[in-house]
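A lone chain, given as structure tokens: the form predicted alone.
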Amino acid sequence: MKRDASIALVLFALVALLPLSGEAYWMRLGTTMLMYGVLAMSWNFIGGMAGYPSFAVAAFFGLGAYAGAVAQKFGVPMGFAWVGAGLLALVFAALLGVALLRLRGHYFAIASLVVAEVLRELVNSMTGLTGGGMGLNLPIPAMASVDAQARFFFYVMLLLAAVTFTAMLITANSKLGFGLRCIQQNESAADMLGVDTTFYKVSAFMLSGVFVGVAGAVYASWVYYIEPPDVFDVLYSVKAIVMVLLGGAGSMFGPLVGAAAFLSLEELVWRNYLEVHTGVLGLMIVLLVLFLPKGLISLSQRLGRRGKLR
């Protein structure tokens, strides 16, 4: 645990130096990468550790975005709005988890996928509160310059990513993490041995929701304008799963490595294959998952073993 914490500290310290480049492009890319990292690490709680294929990331993200935006609309300070959005996502995940986590496998996956669509329709129908299909404008933070705003949101996302990683590290090395690994290996056997599988699964689901909710609220403040198709986009759920699989499901640094790799591929393919970038990106990801089923983290482990053998 200490080794992982030390590596993470160095990694986040290096990322914190990115604003020194002074380029808006790299700032935007860095902020997006950190947000992707939060989504991937959050999914890792329920998907990587417990083995439950959740598609609820988009629901938590959209809920957090609109909770934060509506709170600011009524005059709540930005920071308090973000915290409130995270708490709402936490409570929603607890209630949703109690209902959905009775299901397993593809039944759970389909049920969790529908949640984002239900929330999107609710937001669309609440025109007076959320703006409906017209979207919602957020107040622009009063800061010295556009560059100052970019740096501010970069460091906020960096802090959120660091907190999410810390929670994931503590969970993995706790009784909760052990229980989740038991559930992943054989839930029925764990249940027979006295493991409170319902409590562990709901706890993991809550952890997978709270940080995504805060990320959604921060994203809403960052872009100043949100609409239902944007923040409740199912691609947020798909990307989170793909990033974890790319990096290495269940590992500590897999979600972060996967987020960086996915965003790099996304930018590279988008630049060179604009018209068919989605198809090319999908093909590259499929090839990576086929030839590296345990993620990019396993590649470094293989190289380490070969070095020891020599």
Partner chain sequence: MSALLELSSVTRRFGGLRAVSDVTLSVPQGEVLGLIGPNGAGKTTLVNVITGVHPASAGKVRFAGEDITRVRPYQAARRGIARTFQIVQPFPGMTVLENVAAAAMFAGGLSYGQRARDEALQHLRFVGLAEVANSNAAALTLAMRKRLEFAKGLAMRPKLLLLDEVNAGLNAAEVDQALELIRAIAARGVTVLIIEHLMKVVLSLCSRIAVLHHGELIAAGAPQAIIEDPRVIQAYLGKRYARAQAGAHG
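Computed from a prediction, not measured in an experiment: that's the story for all the values here. Residue numbers count along the first chain shown, from 1.
In what follows, reference is made to the form predicted together with its partner chain, a form of this protein that is not presented.
Enquirer: Within 4.5 Å, heavy atoms only, which of T127, N137, S145, N186 is in contact with its partner chain in the predicted bound form?
Expert: When its partner chain is considered in the predicted bound form, the option within 4.5 Å is N186.
Enquirer: Heavy atoms, 4.5 Å, its partner chain in the predicted bound form: which of 71 to 79, 188 to 196, 206 to 214, 222 to 230 makes the cut? Say which one.
Expert: Of the stretches listed, the one contacting the partner is 188 to 196.
Enquirer: Counting only non-hydrogen atoms and a 4.5 angstroms cut-off, does Y200 reach its partner chain in the predicted bound form?
Expert: Yes - in the predicted bound form, heavy atoms of Y200 and its partner chain come within 4.5 Å of each other.
Enquirer: Hey, in the predicted bound form, is R151 touching its partner chain, heavy atoms inside 4.5 Å?
Expert: Looking in the predicted bound form, residue contacts with its partner chain do not include R151, since no heavy atom lies within 4.5 Å.
Enquirer: Looking in the predicted bound form, any heavy atom of F178 within 4.5 Å of its partner chain?
Expert: F178: contacts its partner chain in the predicted bound form.
Enquirer: Does at least one non-hydrogen atom of A172 fall within 4.5 angstroms of its partner chain in the predicted bound form?
Expert: Yes.
Enquirer: If we check its partner chain in the predicted bound form, which of the residues in 97 to 129 reach within 4.5 angstroms of it by a non-hydrogen atom?
Expert: The stretch 97 to 129, when checked against its partner chain in the predicted bound form, contributes no residue at the 4.5 Å heavy-atom cut-off.
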